[in-house]
Each structure stands twice: as structure tokens, then as C-alpha cells.
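Quick heads-up: it's one chain on its own, the form predicted alone, in C-alpha cells.
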Amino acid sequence: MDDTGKNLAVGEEMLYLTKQEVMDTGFDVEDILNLTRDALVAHGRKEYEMPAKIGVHPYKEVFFHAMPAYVPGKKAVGMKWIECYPHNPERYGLPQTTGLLVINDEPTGCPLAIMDATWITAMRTPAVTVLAAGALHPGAEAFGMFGCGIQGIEHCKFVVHRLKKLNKIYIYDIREEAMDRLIKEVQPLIDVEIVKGKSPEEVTKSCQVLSSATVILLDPLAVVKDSWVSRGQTLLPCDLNTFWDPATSKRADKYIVDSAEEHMLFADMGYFPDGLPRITCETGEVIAGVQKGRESQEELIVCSNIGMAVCDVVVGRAVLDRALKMGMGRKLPL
């Protein structure tokens, strides 16, 4: 048994951590980037076990996902149970996404902790985007972010850590107040100027690297038209096949995904009505150096990252270890 047993009676109790307690463990952006990179490298080298997400759908527009994973190199094993209710904020004044993460003991299988998963999700998602951006387009001078909610805010905080030549970040959201809130929160923290885009077309045509974190729907919205996208750009959607014209992914020189298995599962569920684009390789394979990323300045690359449990359990295990050392959380009897 590892050092966990020094701070927790394994098999007799587990630790419960609230969202605030998870945040108070003190992991900064670089910590999250490094942990997420470790998880992606393990994924790229096939040193993991992670079945594709399974879920239930009480309503057409919502989903619950069960996301188990095991990363031996990090002694990280567990499962995230997360849901997305897009109408929660306006209807109930509640977050769109909530969830819990369970971390288990590798040697015995006993549950070690149950913790809020929303902060971890909000951190590891932009970390994947930014790590991919750094690997695929390190010289970018302008970054575009569609969607200015929690994910948009964190993407803008994270991106300056890996795209070192940025001089502008363009943002766009259908809600003016969301753009204003992002600028108010993020601009004091970074040296790169944040600019409110006048339209999706302007933002698309102004940036070498773009990301989107909006909604995930069965039928593509195709807000960004294929004719606006140029060769040499790098697109990093977090919202599957929803925001961008599906024709763009179809014609891309490389279509890279975080998990081929999960993208094929979503295709079977109907999220790619025009068919899943031909997958070139996985994000982790590029990060690990197993597969090539950008090979010429003219390549149009789409890198679709929809979230993997390997990242959640690696970050969650690190949060647990630090919380135990800090004496945080509440121990609950099993």
C-alpha cells in the first residue's frame, strides 16, 4: 500500500472534498498543464485503460456521462459522473455542468475519495486545448475563443502559458455581458490584449488558432462557415461537431481527436450526421511524439477534444494526495 494509508484508513473511510476544498489544494495553471500532459502522454503511448463514455439522456438536450479510467504510471484509477443541463442557468439559476469524481486505491480497489468534479473539468479541458495548440501551432500570434463562459474564461487564462508569441486574443459570445465578464476577470491576469470580436466571421479570419466551448448538440449549428476558414489555421473545438461547419473538418489536412473510440461512439449516437471525418491520429500521440503534428505551414488542422477520463483521474489523484497532506476535507466511514 502507498503513502495514502498514512493519512487515511483505507477500506474503513474515505475523504470527501467540496469544490472549494478541491480548489484550495492550490494547483496553479502550470501544475494542471503538467498533470494533463502526463495523462495525454500516457494515452498517446497506450499506457492506460479507458472505455468510451457511456451515458443516459433524460431529455434530448442533456446527458449524463460515466467516465472511468486507469493510468498505471500515476496510480490513478477512478470514475467521473458528470452531467450537462444547458438550460440550468436561465431556468433554475444553477450551473450547466455538475459532477462528482471517485478515486480508488490501486492496490486494494477501496474507494479513497469522492470530490466535486466541476473545477477539475474546468481546468483539464483548457489544458488539453492549450497543450495541443502549443504542439500544433506554437508560433501563433492571435488566438480566437468562441464561448465566454467558464471554459472560455479558463482557455484565455491558460493559452498564454503555451502560445508565447500571442499578441491578441479575440473572443466572441452571443451574450455581450459574458464577453465583458471574461475581459474583467482575465485581462488583469495576462499581458496579451483581449479584443471583443464583432462577429464570428471577424474572429475566424483574424486568428491562426481558434477554439470553441459552446454547446454539444446532435444537429450542427455551423456558426463558423467553411468559407471563412483558411489553410494554415488550427481549430480546436471542445464542442464536438456543433459550432463549426462540418465541411471544414471533412476537408482538413489532419483531423486529430483526443479519443478515436469516443468520437466513433458519438458518431454512432448521431452527432456526426454527415459522417465522422477520417481520423489522422490522437492528441496524446502528438503530445507524446508518437505521431506527427503540423508538417507544413499550409496545413489546415482540426483537433477535436471532447474530454477524457484519463485526465480527470490523474488530476483527481494529485488533488487527493495533496488534500491528505494538508489535512483537508472530511473523512467519512465506509
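Residues carry their position along the shown sequence, with the first being 1. Here the structure is a predicted model, which means the values were calculated and not measured.
In what follows, reference is made to the form predicted in complex with a small molecule, a form of this protein that is not presented.
Although the partner is absent from this view, Ile174 contacts the small molecule in the predicted bound form, with a non-hydrogen atom inside 4.5 angstroms. A residue is said to contact a partner when one of its heavy atoms sits within 4.5 Å of a partner heavy atom; Val41 fails this definition for the small molecule in the predicted bound form, lying far away. With a 4.5 Å cutoff on heavy atoms, Pro68 does not count as touching the small molecule in the predicted bound form; it lies far away. With a 4.5 Å cutoff on heavy atoms, Gly307 counts as touching the small molecule in the predicted bound form. Looking at 136 to 144, 203 to 211, 182 to 190, 83 to 91, the stretch with residues near the small molecule in the predicted bound form, meaning non-hydrogen atoms within 4.5 angstroms, turns out to be 83 to 91. Proximity to the small molecule in the predicted bound form, taken as a non-hydrogen atom within 4.5 angstroms, holds for one residue of Leu131, Leu235, Ile256, Cys238, which is Cys238. This chain is displayed alone, yet in the predicted bound form one of Tyr170, Phe243, Trp119, Phe158 has a heavy atom within 4.5 Å of the small molecule; that residue is Phe243. Using a 4.5 Å heavy atom cutoff, Gly149, Ala178 and Leu221 all lie near the small molecule in the predicted bound form.
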